[in-house]
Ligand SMILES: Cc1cc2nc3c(=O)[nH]c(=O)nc-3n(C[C@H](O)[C@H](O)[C@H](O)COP(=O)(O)O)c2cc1C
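Take a look at this single chain, the form predicted alone, given in structure tokens.
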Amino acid sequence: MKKLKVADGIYMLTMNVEDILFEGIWDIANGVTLNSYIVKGDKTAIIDGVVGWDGAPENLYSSMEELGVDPKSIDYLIVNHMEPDHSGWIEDFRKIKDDFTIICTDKAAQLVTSFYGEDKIRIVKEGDTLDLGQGKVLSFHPVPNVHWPDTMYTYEQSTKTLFSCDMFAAFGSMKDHYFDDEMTPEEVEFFEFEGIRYYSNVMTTFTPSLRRAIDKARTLDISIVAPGHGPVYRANPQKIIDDYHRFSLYAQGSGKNQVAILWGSMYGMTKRAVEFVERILQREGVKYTKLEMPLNSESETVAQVFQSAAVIIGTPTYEYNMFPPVAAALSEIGRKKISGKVAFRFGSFGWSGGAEKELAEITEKYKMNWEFLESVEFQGSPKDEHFNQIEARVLELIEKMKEKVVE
């Protein structure tokens, strides 16, 4: 566990977690950090926590002592968000001290009781404050449905620090650099995509609520953004706020100047068309990412489609429907409410079609509102006429995606 000073009287305890499925679903190839914060005045508060993820509560005890904080002096446990990666430490903390007050929203209070049996709870609402002494005053600002209904911001007034929990967070482990002003250009790029992966995998469904949370953050005078996962932003906190606004646009059809090719092929017929599409995109100088189903992970697939201004789907018919791994990927993208993309689909069929019908069913079921160009289907292997049709559609797609680009 790493121990860092964030500002006067504010400390971060952070650790990397590897080889887990986040929320039991999402493959996180580059790990994730769990960040906890301590605010010390005359009284001491801990915001979220990481006890239990690295073996024993004694690890927290020793880490806090190294910061000059006696764990038995902690008066308040602030639960910004009840999801167990932020609250699962409460039971372990009782092994260190059992006289503390939990501070959370009314919806979180119900969950704290049902998950952990706690009843010494102070419920806070918008603008309520907690004076810890020595100038450390915390205020509380509910941001419901980010991404649970119980979530809130905690804001420290003297240092202008926003403890944002899952908001403004990112996947990705931190090795040597924990603050935005320390990161190399490569690390900035790394956390750009890990932020996109995080938003698309975890947050996209709740984009309207996130927009409101972004607006609320902009009403506060912020010098530091301290999220529950990923780097702390102290040199340019506005950057991560602006990034999250951009990500919210990606969720509703905008994207980077690139194409995601979502594809699968049974016997190589559809693959021939995919390779032809690649040559067109290379010739036109268009960046693209290939996502072969079922080889790419759901986490990667959702993130790449999410951040792309256009999507090309290559899928054959399989038993009167779409190739199942592609259908499953599209269904997950639909469940995440990634809407408004401009798209084009092609694919092979044998004795009958059917892929097109299931494509329509999936997009209608999830109200995806994607703008599809006319599909190209071919029996068996694609012929010259099909390649000509595909090229025309890809060039049309390139033109249409220009309206969607937001970098």
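Keep in mind that this is a model prediction, so the values were computed, not measured. Numbers follow the displayed sequence, beginning with 1.
Keep in mind that the form predicted in complex with the named molecule is not shown, yet the notes after this line are about it.
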> What stretch, of 153-161, 216-224, 178-186, 267-275, brings heavy atoms to within 4.5 Å of the named molecule in the predicted complex?
Replying inline: 267-275
> With the cut-off set at 4.5 Å between non-hydrogen atoms, does residue 76 touch the named molecule in the predicted complex?
Replying inline: no
> Hey, in the predicted complex, is residue 317 touching the named molecule, heavy atoms inside 4.5 Å?
Replying inline: yes
> residue 369: heavy atom within 4.5 Å of the named molecule in the predicted complex?
Replying inline: no
>> Is residue 380 part of the interface with the named molecule in the predicted complex - any heavy atom within 4.5 Å?
In response: yes
> Can you tell me which residues in 324-361 come within 4.5 angstroms of the named molecule in the predicted complex, by heavy atoms?
Replying inline: 348, 349, 350, 351, 352, 353
